[in-house]
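Below, in structure tokens: the form predicted on its own, a single chain.
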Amino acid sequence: MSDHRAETRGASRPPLLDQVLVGDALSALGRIAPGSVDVAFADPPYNLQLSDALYRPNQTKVDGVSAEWDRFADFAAYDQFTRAWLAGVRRALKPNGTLWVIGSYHNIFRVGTAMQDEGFWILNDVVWVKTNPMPNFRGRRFTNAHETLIWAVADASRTDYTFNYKSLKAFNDDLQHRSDWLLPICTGQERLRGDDGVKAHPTQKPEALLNRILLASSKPGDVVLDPFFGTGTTGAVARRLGRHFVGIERDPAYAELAQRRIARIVPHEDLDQVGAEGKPKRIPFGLLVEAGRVAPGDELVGGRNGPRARVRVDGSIRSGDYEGSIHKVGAAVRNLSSCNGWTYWHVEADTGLVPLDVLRTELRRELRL
């Protein structure tokens, strides 16, 4: 069994947690413990292949991506680089960990192919529709008003990856969240700039984009990896949401800027999300009896001053002529077709009536379920 597919429960955390590893992504990824990362976000070089400068109609130069880190000799060199960093990320991810990759039409199709070749299983492609895209100044093509994200799980056999469906549904006013996200590009005070007023990084992503990604696919305490850290948007959002991060950045100036930026972030005090705990494992009422939270012979009270039922050794209850599960008997005494026995039946305590659901929650926490 390969390093990646082996179960990694209790695996060591990545080195230098909540810090930035300065150096080449391919070498730095080798320093991260296998199977120690919960979710990764990658904003790799786009390989724009720009040959000429681009000017606006007023002849001012467009500040595009022309840095050395975005230049490759040819597509073959770019593909080789892509497969290498994808392999490093997949090694670092837990078997049920997921990866988000963002790109433009210049590179996202090549990256998607490489992801499938490296063993990732694609869950969604998400379109980031920009509310304020850069115009197409030459007027020779449509305005590029979106970028594409690919979300994939590291191991195709795993279905236990984190997806906070209920949380995203609540975020979207109780409607299923769609795969088209309408968000502005990074502007205003969020855009980091140097002393000369020039933007510090040409492709700084908006925090709202990373906020949605981490709300959807991670939990508080999770480790988030970003192998192309830039000015630290991933780390800033991770810190605010109570997640850990590992950033990798080859440019020391960007790394220093990211560290200063993240140091100013104050984490949210309340990190609870609807459904962020995942689907809890089922606990039968009999387990509460077995664990001594409710004893055979104890009386349960239906609602407030409602009918009473006696608990039996096998986890069944009896109320008058009715016997069976807490749900079946609850429905019978109320003359209903169904009943949630966990919320209907109560135990008497010094503080008053306590729903069985409270006892179940306490036991679930104790058993870490």
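Bear in mind that the values here come from a model prediction, so they are computed numbers and not experimental data. In case it trips you up, residue 1 is the first one in the sequence shown, and so on. So that the term is clear: the rigid core is the largest set of C-alpha atoms that superpose within 1.5 Å between two forms.
Keep in mind that the form predicted in complex with another copy of the chain is missing from the display, and what follows is about it.
For the options 237, 216, 255, 102, the one in contact with another copy of the chain in the predicted bound form, meaning a heavy atom within 4.5 Å, is 216.
In terms of contact with another copy of the chain in the predicted bound form, the residue from 161, 81, 228, 72 that brings a heavy atom within 4.5 Å is 161. Contact annotation: residue 139 falls within 4.5 Å of another copy of the chain in the predicted bound form, judged by heavy atom distances. Contact annotation: residue 95 falls outside 4.5 Å of another copy of the chain in the predicted bound form, judged by heavy atom distances.
Residue contact with another copy of the chain in the predicted bound form: residue 337 places a heavy atom within 4.5 Å of it. Residue 259 falls outside the set of residues with a heavy atom inside 4.5 Å of another copy of the chain in the predicted bound form.
For another copy of the chain in the predicted bound form, the listed stretch (87-95, 229-237, 244-252, 125-133) containing residues with heavy atoms inside 4.5 Å is 125-133. Contact residues in stretch 105-127 (any heavy atom within 4.5 Å of another copy of the chain, taken in the predicted bound form) are 105, 106, 108, 109, 110, 112, 113, 116, 117, 121, 122, 123, 124, 125, 126, 127. After superposing the rigid core, the C-alpha of residue 27 moves by less than 2 Å between this form and the one not shown. A change of 3 Å or more separates the two forms for residue 269 and residue 361: their C-alpha atoms lie farther apart in the predicted bound form. Relative to this form, in the predicted bound form the C-alpha atoms of residue 343 and residue 176 approach one another by 3 angstroms or more.
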